[in-house]
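One chain follows as structure tokens, the form predicted on its own.
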Amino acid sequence: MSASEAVVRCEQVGHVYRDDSGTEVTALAGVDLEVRPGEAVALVGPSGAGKSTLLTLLAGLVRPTSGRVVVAGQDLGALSERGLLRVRATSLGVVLQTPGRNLLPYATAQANVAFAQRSQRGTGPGGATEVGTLLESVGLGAVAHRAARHLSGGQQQRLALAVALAGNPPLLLADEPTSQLDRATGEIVLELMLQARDERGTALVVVTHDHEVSRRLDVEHTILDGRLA
């Protein structure tokens, strides 16, 4: 992927699924979206509008029913499962709404980041200094040897962000990253994401209901009834 190429390009993306009763539900329809390197994008809209569905498509967790989703130059819909795993390992960082879902609960903070580095780019024992530096950057240096399950909710979310950034991915996807945090801790997490954008050139796509978050990002897209409004 060249420095000028879009990190994300969605072309007429649609996604249809069946609900519990077997009825077809259109979650997304005709979505066009482009995200450039280092650009911070907010996805806003009411619950059920399709924001999180779009994020799961960008993460390669599900495939679009129609259209194309291209991430870091790779057409996700055309890749094998192994190819999707490779893209997720090398080009994506994902921060989920519930921080514990991003972490190995019984492993230490240091081990969580080291595991992510090995998984994402084959980092060996020589990466220990970098792990420490990354934990320091998110304010967790003092608890590096504490198990993730013993960290506070705010600390877990910061650790989840460190894990997501461990492989220095060109794209960070975040689903309501501040929704379960108090305002002060949420501000810390937001600042850390913006720092990744500024210092690493990481593109951000953030699903949020928080207008204090969306106004700090570069672009705001509203999704209504599965379409970009």
Ligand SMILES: Nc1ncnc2c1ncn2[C@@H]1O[C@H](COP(=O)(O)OP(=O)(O)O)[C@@H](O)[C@H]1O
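Quick note: we count residues from 1 along the sequence shown, nothing fancier. Take the two forms, superpose them, and find the largest set of C-alpha atoms that agree within 1.5 Å; that set is the rigid core. Keep in mind it's a predicted model, so treat the numbers as computed, not measured.
The same protein also has a form predicted together with this ligand, omitted here; what follows describes it.
- Screening 181-189, 158-166, 44-52, 194-202 for residues having heavy atoms within 4.5 Å of this ligand in the predicted complex returns a single hit, 44-52.
- Checking A40, V31, L58, A27 against this ligand in the predicted complex, a heavy atom within 4.5 Å turns up for just one residue: A27.
- With the core superposed, R86 shows a C-alpha displacement below 2 Å between this form and the one not shown.
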